[in-house]
Structures are given as C-alpha cells and as structure tokens.
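Okay, here we've got a single chain as structure tokens, the form predicted alone, with questions on binding and movement later.
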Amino acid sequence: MTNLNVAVSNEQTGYQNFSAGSFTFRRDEYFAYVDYPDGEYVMPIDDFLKALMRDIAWGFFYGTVNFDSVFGTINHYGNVDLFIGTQNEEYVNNGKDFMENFPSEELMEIFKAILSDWTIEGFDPFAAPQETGTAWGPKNGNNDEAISRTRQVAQRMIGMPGDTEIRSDETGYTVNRHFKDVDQSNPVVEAEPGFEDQIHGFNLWAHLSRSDVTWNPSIVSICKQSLLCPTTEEYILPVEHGNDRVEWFIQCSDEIVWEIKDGKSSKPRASLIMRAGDVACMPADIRHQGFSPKRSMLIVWENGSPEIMEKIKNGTVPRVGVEF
C-alpha cells in the first residue's frame, strides 16, 4: 500500500498539508508547493486547483494530464504515475525529474482531500474567471458543493428514458451570459408506433448553452465505441492534455486557439486556430492547451474502445488519425 496521509494544518494559513508517497503538498495564500526528493516545485494556487479539479473530474482521463509543462499525472487505468519533470526535456536532461506510481483509488482520495481543503468559499475551479471568486488568501470555509459536481455520462443519448436529463430551467440550469442568443426550442420527433422509446432528438446547442462549467467534456451520446463529448470553453484550458489515443475536435461556435507541444519534451510544435465548422485531429504523441476568448462550443469525439487499452500498453495504438 502507498503511504498517503494528511499532516497537521498550517497555523498561519489554516490549510492542511498533505503527502502522497515521496510527495508533499502545501499551500499558502498565493501558491501551491510540491516537495519531492529532488527539490520543490511551485504553482499559482488558482492554476493548481483548476488543473486538480479536471484531473479529479476526469478520473485522470486518457493518458497524461499536465498541470503545466512540469507537473502532472499519467493514467494507466488502475494505477497512475505522479510526476515532476518526466514530460519535460530540460528536467530530464538535468536529472531533476521524478515519478512515483500509485493505485488510482488511493491517489484520487488524497487529491480530493487537497481540493476540498484548499478550495475556499466563493472559489469555483470548474467555472470561468468571471463566474467565480478568488482562490487567494487564508483559509476561509470551502466550496464542496461546486467541486463535487459529476460529469454527465449518457449510456445512449441524453434525454432518453432512464438516461441523463437535459439541462433546462426545470433542472436548475440557466442559459450562460455568452449564449443568450441560442435558440432553446426542441426538435419535433415523430416516431412510428412501437419505436417511441428508440427514436429521440434534442437541441444540443440549448443543452450546451446551460453548462455551468468550462473545459469539462460530458458524454451526450454513445454509439457502440464512439463517444460524443461536447463541452463549453472559456478563457484557458487549465491543463496541457497529452492524449494516449487519437482525439477529434469539432468547433461548433466562436474560436479557440490551440497551442500544440511535443508530448514527451514539451517543445512547441504548432499553433492552431479553430473557428466554427473547423475539424481537427489531435495525434496521440502531443499535448494541447486551448485559449478561448469568448465562451465557445466544442465537440470532443473520443474512442471508447476497450481494445485500445491493450494497444496502448503494447505500443500498437495508432498515433495519428490517418496515414497516407
């Protein structure tokens, strides 16, 4: 079993210190500090909590979740690597990188404890900057209601009997300030008798216009192994995501600028501007971070094939969408 424990709270700030194996986590009014055998790493506390929120909500997600260019996690689906510098060429070349493996459930437990204790009243690490308070200052309550949101995951298509509900006034979701012009009407579906519970349609744009979180893909439909995961994006993706499989993006509205880096070294590789109607394929050997000046709608199309896990382990998973 891995050594996971909580230390005594800091008397000056009121925040608790945490440890996971060889890592120690502590915060003050402005920064998060990660101590590890080769030194100390520092991140702005708001950036750290926003990234930590996604890593928790996504269950460590597909592949690598880089909190920035140095610190992050790698998901092995059952166990997870926690690293500093392992995905950064300069850290590796200078022998300052460090990585330790943990059972996924154990590291998730400590991550949730950190997020709960370090998120103060009024700060919502899931929301856009204009929709949340500040992460800075001494310990002041918590915001467990906000950080305990769960991703919506459909088994077929949202809104079908027994599946995920549609976001609406009835479910308490209001239209976001940037999407006041989005048509809220629902499509008319006329099913043949006997097929009423199999034929369904809904207004995806209306659904997304009521999203109260940013950069958090929710699964709205599943067709065999194909997962359609739309999301709303505003400001900056809090992580640099290094996928372990090919990932497709469909820009539905407005604009996102993507900064693309090499997955292993963190060296810049490309800059991509996506506008409404654009489609892009993110290879499995890069990391990407998005910048959205206005809240936008993006469909993330994921491969949910169970066979892909074994291909990732043995190194046979395709790195690109198409080979010419």
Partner chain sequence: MSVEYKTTYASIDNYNKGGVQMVSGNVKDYVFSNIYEVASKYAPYERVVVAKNLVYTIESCKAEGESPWYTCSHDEFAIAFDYDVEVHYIKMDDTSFIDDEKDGSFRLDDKPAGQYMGKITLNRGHQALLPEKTAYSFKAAKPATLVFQAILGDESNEKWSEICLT
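Positions refer to the first chain, counted from 1. Here the structure is a predicted model, which means the values were calculated and not measured. Rigid core here is just the name for the largest C-alpha set that superposes within 1.5 Å across the two forms.
This protein has a second form, the form predicted in complex with the partner chain, left out of what is shown; the following refers to that one.
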Would all three of Ile74, Tyr77 and Met108 be in contact with the partner chain in the predicted complex, where contact means some heavy atom lies within 4.5 Å? no
Partner-free chain; cross-checking the partner chain in the predicted complex, the single residue of Arg151, His178, Lys112, Lys139 with a heavy atom within 4.5 Å is His178
Interface check vs the partner chain in the predicted complex: of Leu237, Ala135, Val246, Leu82, the one with a heavy atom inside 4.5 Å is Val246
Among 140-148, 203-211, 115-123, 85-93, the stretch whose residues bring a heavy atom within 4.5 Å of the partner chain in the predicted complex is 203-211
Note to self: Even though the partner isn't displayed, in the predicted complex is Glu192 close enough to the partner chain, meaning a heavy atom within 4.5 Å?
What the structure shows: yes
> Heavy atoms within 4.5 Å of the partner chain in the predicted complex: does Ser104 have any?
Replying inline: no
_Using a 4.5 angstroms cut-off on non-hydrogen atoms, would Glu100 count as touching the partner chain in the predicted complex?_
no
Exercise: Ser218 in contact with the partner chain in the predicted complex, heavy atom 4.5 Å: no
Across 301-319, the residues having a non-hydrogen atom within 4.5 Å of the partner chain in the predicted complex turn out to be Trp301, Asn303, Ser305, Glu307, Ile308, Lys311, Arg319
Note to self: Would Cys223 count as moving between this form and the one not shown, using a Cα shift of 2 angstroms or more after superposing the core as the test?
What the structure shows: no
